[in-house]
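Only one chain is given next, in structure tokens, and it is the form predicted alone.
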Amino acid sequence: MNMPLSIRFYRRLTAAILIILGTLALGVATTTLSAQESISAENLLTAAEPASTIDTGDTAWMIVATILVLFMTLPGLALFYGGLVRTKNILSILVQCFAMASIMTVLWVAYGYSVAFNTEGMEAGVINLHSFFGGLGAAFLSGMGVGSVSGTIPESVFVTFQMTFAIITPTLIVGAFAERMKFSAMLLFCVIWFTFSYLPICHMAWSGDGALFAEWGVIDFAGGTVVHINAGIAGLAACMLVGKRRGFGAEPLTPHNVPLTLIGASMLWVGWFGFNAGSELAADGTAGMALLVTQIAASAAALAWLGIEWIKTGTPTAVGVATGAVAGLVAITPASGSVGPAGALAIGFASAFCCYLAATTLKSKLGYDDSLDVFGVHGIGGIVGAILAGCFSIAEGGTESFNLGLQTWVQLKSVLITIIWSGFVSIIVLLVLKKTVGLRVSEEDEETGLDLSTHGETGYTH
């Protein structure tokens, strides 16, 4: 079958852009290396010696945590999403997850880490442009060597750990417009959104003194604003601007492989311990508590979701228990470094209730087609967790308390900023892409399925 000229053009355009990005990255990296002063053998041996501040226990734990977070995307999220789509679209989801892991790794090295964590021009107590964006002083990881240290771990480990967050966040978004968006448009959207939404929010939350959220005293231990609200709002904007799937509301668009979804959810659950406990960046008591409350919140939310389904529909489903567990994991993420077991139970139950309403009643009433409930679970769950992180706290002695005070208002401000920022960037980028490359595949390609029409393969043979 001959492809229309426009499709061939956009595919070639996207491929050309990726080749140009790779060539540019190689060229800049080569230039940077050649410009650096050569290191003598004696200096090289000195640099290779571990710095006195590196803690081997912390380092070992953070290497494991980094692997766990990458495991959340590949294969965890890929399988979770893959099982939820129809048979003809499973490969498209898997390819998108692999593509995001590859592209975001390159962008993180090229400029992402620098824009997110470079602190040039930042000053405690001062809000300026550097409170929103880092500089390019660490582009292509310039200045980082074997002996570079971040806290008590090698900087290389910290860079890789944060890279895994940068990988999974845009990958979450693809579930919102699954089964109908052009591969070229998806790539371009995620690259631009990563640059202008993920990196600034990450910088505001985690780059330290002088960053906007840090100056406000926002609690976001592992990514309620940075990851989940950020991605959830982008997913909502994307699914609305791309439009509904063919047959949405008129015919059942059911998951094709529920066991695959449960396997993926199980991998996400296990990987989330690295996500939350790893965000302490040390093997200590806070990491241990984060591990515990992560398990508690996920279990509470899964149990609550089952109960709600059972009462409302009479059938507690496998997809429901998996979704409930993910909702609890999402909600505890921002609070995992500051709450205790009682707070985790409350956050887990609250997230299940709110996310269930969003993924069923709200979506039905508003009529948007959030294919895999990215907004309903990650957006709403992130909002619930971020706000409740300001309500629950645990003191050093282990005493837990609930307080609707100033910290709750601080948390609410960070949530609003993230919603507005991500929403604005997402809508602008999507509108530009809609007018240029187009957002959606043709009706014929959608009916055929993205596996065959976009990637020329099928997930299953009969």
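Quantities reported herein were computed from a predicted structural model and do not represent experimental measurements. Numbering starts at 1 and follows the sequence shown.
Beyond what is shown, the protein has a form predicted in complex with a further copy of the same chain; the following relates to that form.
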{"query": "Partner-facing stretch of 266 to 274, 203 to 211, 113 to 121, 219 to 227, counted where any non-hydrogen atom is within 4.5 angstroms of a further copy of the same chain in the predicted complex", "finding": "266 to 274"}
{"query": "Any non-hydrogen atom of residue 56 within 4.5 angstroms of a further copy of the same chain in the predicted complex", "finding": "yes"}
{"query": "Non-hydrogen atom contact residue 129 with a further copy of the same chain in the predicted complex at 4.5 angstroms", "finding": "no"}
{"query": "Contact flag, residue 197 vs a further copy of the same chain in the predicted complex, heavy atom cut 4.5 Å", "finding": "no"}
{"query": "Residue 125, heavy atom within 4.5 angstroms of a further copy of the same chain in the predicted complex", "finding": "no"}
{"query": "a further copy of the same chain: the contacting residue among 362, 281, 192, 291 in the predicted complex [heavy atom, 4.5 Å]", "finding": "291"}
{"query": "Contact assignment for a further copy of the same chain in the predicted complex, among 437, 412, 428, 64, heavy atom within 4.5 Å", "finding": "64"}
{"query": "Within 4.5 Å of a further copy of the same chain in the predicted complex, all of 75, 99 and 287 (non-hydrogen atom)", "finding": "yes"}
{"query": "Sequence-ordered residues of 133 to 164 touching a further copy of the same chain in the predicted complex, heavy atom within 4.5 Å", "finding": "141, 144, 145, 146, 154, 156, 157, 159, 160, 163"}
